[in-house]
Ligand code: 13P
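One chain is shown next in C-alpha coordinates, namely the form predicted alone.
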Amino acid sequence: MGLVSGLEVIDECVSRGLVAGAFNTTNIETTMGIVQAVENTGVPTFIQVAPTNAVLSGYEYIYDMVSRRLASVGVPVALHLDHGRTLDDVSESLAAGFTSIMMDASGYEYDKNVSLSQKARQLTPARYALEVELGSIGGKEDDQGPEREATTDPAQVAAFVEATGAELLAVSVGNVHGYAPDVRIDEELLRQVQQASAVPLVIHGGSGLPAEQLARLNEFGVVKVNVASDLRNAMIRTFGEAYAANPNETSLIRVSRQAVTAITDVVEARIRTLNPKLS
(Lines give C-alpha, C1' and ligand atoms only; values in the text may rest on other atoms or scores of the structure.)
Protein backbone atom coordinates (compact mmCIF):
# COMPACT_ATOMS: atom_id res chain seq x y z
CA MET A 1 0.00 0.00 0.00
CA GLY A 2 2.75 2.47 0.89
CA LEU A 3 2.21 5.81 2.60
CA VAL A 4 -1.27 7.35 2.58
CA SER A 5 -2.61 10.77 3.46
CA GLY A 6 -3.36 11.57 7.05
CA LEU A 7 -6.94 12.13 5.88
CA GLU A 8 -7.20 8.46 4.92
CA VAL A 9 -5.99 7.37 8.35
CA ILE A 10 -8.53 9.67 10.03
CA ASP A 11 -11.41 8.53 7.83
CA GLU A 12 -10.59 4.86 8.30
CA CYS A 13 -10.39 5.24 12.08
CA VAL A 14 -13.61 7.23 12.30
CA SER A 15 -15.49 4.71 10.14
CA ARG A 16 -14.22 1.77 12.19
CA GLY A 17 -14.45 3.43 15.60
CA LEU A 18 -10.69 3.23 16.16
CA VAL A 19 -8.07 5.52 17.68
CA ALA A 20 -4.81 5.87 15.75
CA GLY A 21 -1.58 5.81 17.64
CA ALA A 22 0.95 8.38 16.45
CA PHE A 23 4.39 7.01 17.14
CA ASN A 24 7.60 9.02 16.89
CA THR A 25 10.59 7.60 15.09
CA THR A 26 14.18 8.71 14.70
CA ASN A 27 15.98 5.64 13.41
CA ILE A 28 15.59 2.30 11.66
CA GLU A 29 15.06 0.25 14.82
CA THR A 30 12.15 2.40 15.98
CA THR A 31 10.60 2.43 12.51
CA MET A 32 10.84 -1.35 12.15
CA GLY A 33 9.27 -1.86 15.57
CA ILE A 34 6.39 0.51 14.88
CA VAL A 35 5.54 -1.03 11.51
CA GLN A 36 5.68 -4.57 12.86
CA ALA A 37 3.15 -3.62 15.53
CA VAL A 38 0.94 -2.00 12.89
CA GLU A 39 1.02 -5.21 10.87
CA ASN A 40 0.21 -7.25 13.97
CA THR A 41 -2.87 -5.18 14.83
CA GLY A 42 -4.11 -3.87 11.47
CA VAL A 43 -4.93 -0.46 12.97
CA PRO A 44 -4.33 2.66 10.82
CA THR A 45 -1.46 4.64 12.28
CA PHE A 46 0.62 7.81 12.09
CA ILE A 47 4.41 7.53 12.11
CA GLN A 48 5.88 10.91 12.93
CA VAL A 49 9.00 12.89 13.63
CA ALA A 50 9.49 16.30 15.20
CA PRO A 51 11.97 18.88 13.89
CA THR A 52 14.03 18.38 17.06
CA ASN A 53 14.66 14.77 15.98
CA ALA A 54 14.87 15.39 12.24
CA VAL A 55 18.10 17.31 12.83
CA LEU A 56 19.85 13.92 13.08
CA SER A 57 19.05 12.84 9.54
CA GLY A 58 16.82 15.34 7.77
CA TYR A 59 13.25 14.78 6.64
CA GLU A 60 14.30 13.01 3.43
CA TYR A 61 15.97 10.15 5.29
CA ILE A 62 12.91 9.68 7.51
CA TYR A 63 10.66 9.60 4.45
CA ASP A 64 12.86 7.11 2.62
CA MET A 65 13.17 4.82 5.63
CA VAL A 66 9.46 4.82 6.45
CA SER A 67 8.15 4.61 2.89
CA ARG A 68 10.43 1.70 1.99
CA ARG A 69 9.30 -0.29 5.02
CA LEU A 70 5.63 0.42 4.30
CA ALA A 71 5.74 -0.50 0.61
CA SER A 72 4.49 -4.02 1.32
CA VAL A 73 2.21 -3.21 4.28
CA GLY A 74 -1.56 -3.34 3.71
CA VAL A 75 -2.53 -1.03 6.59
CA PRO A 76 -3.04 2.74 6.07
CA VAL A 77 -0.12 4.67 7.58
CA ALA A 78 0.62 8.39 7.21
CA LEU A 79 3.97 10.11 7.73
CA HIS A 80 3.33 13.08 10.01
CA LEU A 81 5.31 16.17 10.97
CA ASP A 82 5.01 16.42 14.75
CA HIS A 83 5.20 19.87 16.36
CA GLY A 84 6.25 21.86 13.34
CA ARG A 85 7.07 25.22 14.90
CA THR A 86 7.84 27.18 11.76
CA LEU A 87 6.53 27.42 8.22
CA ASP A 88 9.93 26.20 7.06
CA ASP A 89 9.32 22.97 9.01
CA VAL A 90 6.07 22.56 7.12
CA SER A 91 7.58 23.29 3.70
CA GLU A 92 10.64 21.09 4.20
CA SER A 93 8.70 18.07 5.43
CA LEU A 94 6.17 18.36 2.61
CA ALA A 95 9.00 18.62 0.08
CA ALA A 96 10.44 15.40 1.51
CA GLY A 97 7.15 13.55 0.98
CA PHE A 98 5.35 13.78 4.33
CA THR A 99 1.59 13.21 4.04
CA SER A 100 0.33 14.84 7.24
CA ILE A 101 1.36 18.03 9.02
CA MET A 102 1.17 19.60 12.47
CA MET A 103 1.62 23.34 12.78
CA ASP A 104 2.16 24.04 16.46
CA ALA A 105 1.86 27.76 17.05
CA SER A 106 0.34 27.25 20.49
CA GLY A 107 3.20 29.10 22.15
CA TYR A 108 1.89 32.34 20.68
CA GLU A 109 -1.16 34.37 21.57
CA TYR A 110 -4.44 33.34 19.95
CA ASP A 111 -4.37 35.70 16.96
CA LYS A 112 -0.82 34.76 15.93
CA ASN A 113 -1.64 31.08 16.43
CA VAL A 114 -4.53 31.51 14.00
CA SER A 115 -2.40 33.43 11.51
CA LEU A 116 0.45 30.91 11.42
CA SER A 117 -1.98 27.99 11.29
CA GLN A 118 -3.74 29.59 8.32
CA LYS A 119 -0.43 29.98 6.50
CA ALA A 120 0.36 26.32 7.21
CA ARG A 121 -3.04 25.41 5.76
CA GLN A 122 -2.15 27.29 2.59
CA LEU A 123 1.12 25.35 2.31
CA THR A 124 -0.43 21.95 3.05
CA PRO A 125 -2.20 20.31 0.07
CA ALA A 126 -5.91 19.75 0.57
CA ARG A 127 -5.39 16.01 0.13
CA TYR A 128 -3.26 15.93 3.29
CA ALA A 129 -4.25 16.44 6.92
CA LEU A 130 -3.37 19.50 8.99
CA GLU A 131 -3.23 19.34 12.78
CA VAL A 132 -3.18 22.51 14.89
CA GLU A 133 -3.03 23.10 18.63
CA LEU A 134 -5.19 25.28 20.85
CA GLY A 135 -4.00 25.71 24.41
CA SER A 136 -0.42 24.84 25.23
CA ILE A 137 0.49 21.32 26.36
CA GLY A 138 2.89 21.18 29.29
CA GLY A 139 5.77 18.85 30.07
CA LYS A 140 8.94 18.37 28.06
CA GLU A 141 9.61 16.77 24.69
CA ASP A 142 13.26 16.20 23.80
CA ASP A 143 14.15 18.29 26.88
CA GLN A 144 12.18 21.24 25.50
CA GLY A 145 9.14 22.60 27.29
CA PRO A 146 6.66 25.29 26.26
CA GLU A 147 7.22 28.91 27.18
CA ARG A 148 3.72 28.88 28.63
CA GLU A 149 1.19 26.24 29.58
CA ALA A 150 -2.53 26.77 29.10
CA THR A 151 -5.54 24.50 28.94
CA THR A 152 -7.76 24.60 25.88
CA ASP A 153 -10.62 27.07 26.18
CA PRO A 154 -13.81 25.44 24.82
CA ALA A 155 -15.21 28.89 24.03
CA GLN A 156 -12.43 29.40 21.44
CA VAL A 157 -12.59 25.99 19.80
CA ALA A 158 -15.29 26.43 17.16
CA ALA A 159 -13.89 29.70 15.82
CA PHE A 160 -10.32 28.41 15.88
CA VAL A 161 -11.15 25.26 13.92
CA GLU A 162 -13.14 27.21 11.36
CA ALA A 163 -10.48 29.90 10.95
CA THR A 164 -7.58 27.49 10.51
CA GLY A 165 -9.30 24.96 8.25
CA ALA A 166 -7.57 22.13 10.09
CA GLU A 167 -8.71 18.50 10.13
CA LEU A 168 -7.27 17.71 13.57
CA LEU A 169 -7.22 19.69 16.82
CA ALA A 170 -4.58 18.98 19.46
CA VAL A 171 -5.82 19.93 22.91
CA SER A 172 -4.46 20.62 26.37
CA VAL A 173 -6.80 19.00 28.89
CA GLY A 174 -4.43 17.83 31.62
CA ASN A 175 -2.16 15.81 29.35
CA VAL A 176 1.56 16.62 29.29
CA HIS A 177 4.51 15.57 27.18
CA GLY A 178 6.95 12.98 28.48
CA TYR A 179 6.59 10.81 31.57
CA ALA A 180 4.27 12.14 34.25
CA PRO A 181 2.82 9.21 36.20
CA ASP A 182 0.33 11.28 38.21
CA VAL A 183 -1.18 13.12 35.25
CA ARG A 184 -4.81 12.55 34.29
CA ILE A 185 -7.04 14.01 31.61
CA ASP A 186 -9.78 16.35 32.75
CA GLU A 187 -12.61 14.42 31.11
CA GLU A 188 -15.21 17.12 31.75
CA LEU A 189 -13.06 19.68 29.94
CA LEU A 190 -12.35 17.21 27.15
CA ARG A 191 -16.10 16.64 26.73
CA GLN A 192 -16.70 20.39 26.44
CA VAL A 193 -13.97 20.67 23.82
CA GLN A 194 -15.42 17.72 21.90
CA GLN A 195 -18.85 19.31 21.84
CA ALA A 196 -17.40 22.55 20.46
CA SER A 197 -15.13 21.00 17.83
CA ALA A 198 -16.19 20.17 14.28
CA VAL A 199 -13.09 17.99 13.79
CA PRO A 200 -11.58 15.02 15.65
CA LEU A 201 -9.25 15.65 18.57
CA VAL A 202 -5.62 14.75 19.28
CA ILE A 203 -4.10 13.92 22.66
CA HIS A 204 -0.36 14.40 23.07
CA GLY A 205 1.56 12.81 25.91
CA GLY A 206 0.13 9.31 25.56
CA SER A 207 3.10 7.70 27.32
CA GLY A 208 2.18 9.11 30.71
CA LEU A 209 -1.59 8.65 30.80
CA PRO A 210 -3.32 5.82 32.67
CA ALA A 211 -4.55 2.88 30.63
CA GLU A 212 -8.15 3.27 31.75
CA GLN A 213 -8.29 6.79 30.30
CA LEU A 214 -6.51 5.83 27.09
CA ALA A 215 -9.07 3.09 26.55
CA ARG A 216 -11.95 5.60 26.68
CA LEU A 217 -10.62 8.37 24.47
CA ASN A 218 -12.71 7.26 21.51
CA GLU A 219 -15.79 8.29 23.52
CA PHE A 220 -14.53 11.89 23.49
CA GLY A 221 -13.98 12.28 19.76
CA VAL A 222 -10.24 11.57 19.96
CA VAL A 223 -8.84 9.95 16.81
CA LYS A 224 -5.06 10.37 17.31
CA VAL A 225 -2.89 9.83 20.40
CA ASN A 226 0.81 10.67 20.37
CA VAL A 227 3.30 8.30 21.97
CA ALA A 228 7.05 8.94 21.97
CA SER A 229 8.70 8.52 25.38
CA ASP A 230 7.68 4.87 25.77
CA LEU A 231 9.40 3.92 22.51
CA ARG A 232 12.55 5.86 23.21
CA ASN A 233 12.82 4.39 26.68
CA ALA A 234 12.39 0.86 25.28
CA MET A 235 15.31 1.34 22.92
CA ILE A 236 17.60 3.04 25.42
CA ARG A 237 16.75 0.44 28.04
CA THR A 238 17.55 -2.42 25.65
CA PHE A 239 21.00 -1.08 24.88
CA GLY A 240 21.62 -0.17 28.50
CA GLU A 241 20.72 -3.65 29.71
CA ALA A 242 22.93 -5.23 27.03
CA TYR A 243 25.88 -3.14 28.15
CA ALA A 244 25.23 -3.82 31.84
CA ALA A 245 25.11 -7.54 31.14
CA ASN A 246 28.30 -7.44 29.09
CA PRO A 247 30.41 -4.26 28.88
CA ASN A 248 32.38 -5.95 26.09
CA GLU A 249 29.32 -6.58 23.92
CA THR A 250 30.12 -5.94 20.25
CA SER A 251 27.17 -7.48 18.39
CA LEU A 252 25.35 -4.32 17.45
CA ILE A 253 22.94 -6.16 15.17
CA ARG A 254 21.86 -8.57 17.91
CA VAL A 255 21.12 -5.74 20.34
CA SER A 256 19.45 -3.69 17.61
CA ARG A 257 17.12 -6.60 16.82
CA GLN A 258 16.31 -6.91 20.51
CA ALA A 259 15.45 -3.21 20.49
CA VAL A 260 13.10 -3.72 17.53
CA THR A 261 11.30 -6.45 19.46
CA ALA A 262 11.04 -4.27 22.57
CA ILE A 263 9.63 -1.36 20.55
CA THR A 264 7.18 -3.65 18.75
CA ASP A 265 5.88 -4.87 22.10
CA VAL A 266 5.44 -1.32 23.43
CA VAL A 267 3.68 -0.05 20.31
CA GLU A 268 1.37 -3.05 20.03
CA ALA A 269 0.42 -2.74 23.69
CA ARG A 270 -0.40 0.95 23.21
CA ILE A 271 -2.49 0.28 20.11
CA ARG A 272 -4.46 -2.38 21.92
CA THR A 273 -4.94 -0.18 24.98
CA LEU A 274 -6.33 2.59 22.79
CA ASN A 275 -8.60 0.10 21.03
CA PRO A 276 -9.83 -2.38 23.65
CA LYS A 277 -12.38 -3.93 21.26
CA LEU A 278 -9.65 -5.32 18.99
CA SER A 279 -9.81 -9.09 18.75
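Because the structure is predicted, anything quoted here is derived from the model rather than measured. Residue numbers here begin at 1 and follow the sequence given.
As for the form predicted together with ligand 13P, it is not shown, yet the points below apply to it.
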Revision key, fill the gap. In this chain shown alone, the residue from 114, 185, 96, 176 with a heavy atom within 4.5 Å of ligand 13P in the predicted bound form is 176
**Study point:** in the predicted bound form, the one of 229, 67, 213, 218 near ligand 13P [non-hydrogen atom within 4.5 angstroms]
**Key:** 229
Check your understanding: Counting only heavy atoms and a 4.5 Å cutoff, which of 117 to 125, 155 to 163, 69 to 77, 199 to 207 contacts ligand 13P in the predicted bound form?
Key -> 199 to 207
Review point. Using heavy atoms and a 4.5 Å limit, would one call residue 25 a contact residue for ligand 13P in the predicted bound form?
Key: no
Check your understanding: Does residue 45 reach ligand 13P in the predicted bound form if we count a contact as any heavy atom within 4.5 Å?
Key -> no
